[in-house]
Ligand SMILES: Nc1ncnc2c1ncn2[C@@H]1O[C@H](COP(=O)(O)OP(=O)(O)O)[C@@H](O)[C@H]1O
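Here you get one chain, nothing else, as structure tokens; it is the form predicted alone.
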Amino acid sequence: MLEAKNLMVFFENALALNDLSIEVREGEIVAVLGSNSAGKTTLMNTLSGLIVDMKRKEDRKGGVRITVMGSLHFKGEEMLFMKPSERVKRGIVLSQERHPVFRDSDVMENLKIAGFLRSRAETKARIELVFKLFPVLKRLKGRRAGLLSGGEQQMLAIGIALVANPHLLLMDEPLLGLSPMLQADLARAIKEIRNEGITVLVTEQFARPILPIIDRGYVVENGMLVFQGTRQELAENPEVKAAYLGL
């Protein structure tokens, strides 16, 4: 479904991604594990196309020079320099870290805004899916997003991405800063999202909550791939256990 080969991303002379290659097959949940500054968010920005917008803005204002190299294919189509909006139309949707939402709009308004590229019927069906996955959001649909708790905002951010009708959902550290109970709830929701026919690529620093639900994983350090394997291979690797499972 998604094949990224030899990705290189430079911010001026700083190398953020270094010859990184990953693959996501249809129907999988795949994890990218790494510490802070490992390159996880840069990878997600590259896959979603946000890096293209960042590069254009910096080029216009003469700011930081961003260089992107490599190849990126989604369902056989090359899209390394395709606009983010075009990727969304093709089914690649990013749920960013730290749950960005429209804080002054209520939950229902946030979800409806996310359906601007879809028909009214599609949007309604996707919102029903969001409420099925996150029943608490249905109870809070009239509440302003800025008044939600951190966990509720994270659910809403994922819901916004789901309303855009992804074939491949990119989730950048969705469990960051949440309590162990909420982490477990969101891990279960990610599994349910896959059961709805949506392929998932998720990044995390701490692998323990998501390890039981993933099919495969990649470990990234300093923008480089250092290990890859199945869920079992990750769980049995001593270095992965020490660094990302707390064992």
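Just so you know, these numbers come straight off a predicted model, no measurement behind them. Just count from 1 along the sequence shown to find any residue number.
Same protein, other form: the form predicted in complex with this ligand, not shown, and the subject of what follows.
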Examine T41 and determine whether its closest non-hydrogen atom to this ligand in the predicted bound form is within 4.5 angstroms. yes
Test of understanding: in the predicted bound form, would N195 fall inside 4.5 Å of this ligand by heavy atoms? no
With the partner left out here, check for me: in the predicted bound form, does some heavy atom of S37 sit within 4.5 Å of this ligand? yes
In the predicted bound form, does A16 have a heavy atom within 4.5 Å of this ligand? yes
Spot the stretch among 211-219, 41-49, 183-191, 22-30 with residues whose non-hydrogen atoms come within 4.5 Å of this ligand in the predicted bound form. 41-49
Across 140-164, the residues having a non-hydrogen atom within 4.5 Å of this ligand in the predicted bound form turn out to be none
